[in-house]
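Here you get one chain, nothing else, as structure tokens; it is the form predicted alone.
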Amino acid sequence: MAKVILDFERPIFELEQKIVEMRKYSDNLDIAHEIKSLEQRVDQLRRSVYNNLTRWQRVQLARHPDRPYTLDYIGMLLTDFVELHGDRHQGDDKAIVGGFGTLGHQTVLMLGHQKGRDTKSNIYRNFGMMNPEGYRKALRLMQLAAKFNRPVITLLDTPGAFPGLEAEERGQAEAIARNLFVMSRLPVPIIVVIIGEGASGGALGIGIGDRILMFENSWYSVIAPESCSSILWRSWDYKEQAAEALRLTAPDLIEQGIVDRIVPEPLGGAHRLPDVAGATLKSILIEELTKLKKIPVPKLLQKRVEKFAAMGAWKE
């Protein structure tokens, strides 16, 4: 598969290619100093670009096809993972994966949206867009975790719930609403992590928790920038302006009180050094779970409800 280079990354890529070309001739020419100077320039440019990303550029990074997905993080974070399937009503939604595994020294339920890496696997995973049976599978697994007093960790990465007619016929809205209701009262710690895209009710359907974590280059919003642009301007051409208006990045949501903590990424995005991103997330999850497990269940549920009740702004 060809390497994906985003528009704003092209100047960095072109300089890196120059270094590769120069190294081919370094044995015959004394150009070590020039190579080192160019490497320093690339490093400076990389820091300048990635430390000053626009909101739309972060949306692009969140959608990068090489970015780690749920199964990648499960492989990096958990040992002895056992995947569970099916909602016991309709079928097994491949857009979400979940099961039990060991994080550090404790058993947890980890579940999340799963996209594909190519056309075939994306069709198999329905591009990470869940059907009602996906939400009901997630609900079944979370209730199983509560039965055995195991913490729940959900990983959000979806462009939205599947909008097809058949999904509506099988109760898409009801399935999402029931998840919100049950998760608000689930008597075990819940940690939600936005690892990529967090769009609309498709993400929120597994997004109620005691702690909301968000990767540095992910986004979380009621609507995607393109859809917002289409509604307001009748065109997708204003998606960058829409992204700015939506304030959908991690720093924005920390400021709004929606997200509790930002998970740092390697310079250039989690896909550059996925092992580093995974190790960072693992240490943060263990730290957060240790704190949550010390809170009595009645207080935990009270704080969870208060957390979401306090979100938003309104006038009477």
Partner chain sequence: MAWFKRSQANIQSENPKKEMPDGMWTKCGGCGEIIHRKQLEQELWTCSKCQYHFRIGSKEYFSFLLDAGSFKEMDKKMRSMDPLQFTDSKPYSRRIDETIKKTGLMDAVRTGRGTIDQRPVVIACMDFAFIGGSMGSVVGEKISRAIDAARKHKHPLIIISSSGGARMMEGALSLMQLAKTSAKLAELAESHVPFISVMTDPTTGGVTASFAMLGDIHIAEPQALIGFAGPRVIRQTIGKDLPKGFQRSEFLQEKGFVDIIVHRREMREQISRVLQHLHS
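Because the structure is predicted, anything quoted here is derived from the model rather than measured. Positions refer to the first chain, counted from 1.
Another form exists, predicted in complex with the partner chain; not displayed. Remarks below refer to it.
(message) Residues Gly201, Ala245 and Ala313 are flagged as a possible site; in the predicted bound form, is every one of them within 4.5 Å of the partner chain by some non-hydrogen atom?
(response) Per the other structure, all of Gly201, Ala245 and Ala313 touch the partner chain.
(request) Would you kindly say which of Ile74, Ile190, Ile176, Met142 lies with a heavy atom within 4.5 Å of the partner chain in the predicted bound form? (result) That would be Ile176.
(request) Using heavy atoms only and a 4.5 Å cut-off, determine which of Thr107, Gln90, Asn122, Ser184 is in contact with the partner chain in the predicted bound form. (result) Only one option qualifies, and that one is Ser184.
(request) Mind telling me which stretch in 146-154, 108-116, 93-101, 162-170 gets its heavy atoms within 4.5 Å of the partner chain in the predicted bound form? (result) That would be 162-170.
(message) When the contact criterion is heavy atoms within 4.5 Å, does Val82 count as touching the partner chain in the predicted bound form?
(response) No, Val82 sits far enough from the partner chain in the predicted bound form that none of its heavy atoms falls within 4.5 Å.
(message) Can you tell me if Arg211 lies within 4.5 angstroms of the partner chain in the predicted bound form, counting non-hydrogen atoms only?
(response) Arg211 lies outside the contact set for the partner chain.
(message) So in the predicted bound form, is the partner chain close enough to Asn52 to count as touching (4.5 Å, heavy atoms)?
(response) Taking the distances in the predicted bound form, the answer for Asn52 is no, it never comes within 4.5 Å of the partner chain.
(request) Please run the contact check for Val305 against the partner chain in the predicted bound form: heavy atoms, 4.5 angstroms, yes or no? (result) Val305 belongs to the contact set for the partner chain.
(request) Scan 249-274 and write down, in order along the chain, each residue with a heavy atom lying within 4.5 Å of the partner chain in the predicted bound form. (result) Heavy-atom contacts to the partner chain in the predicted bound form: Leu253, Gln256, Ile258.
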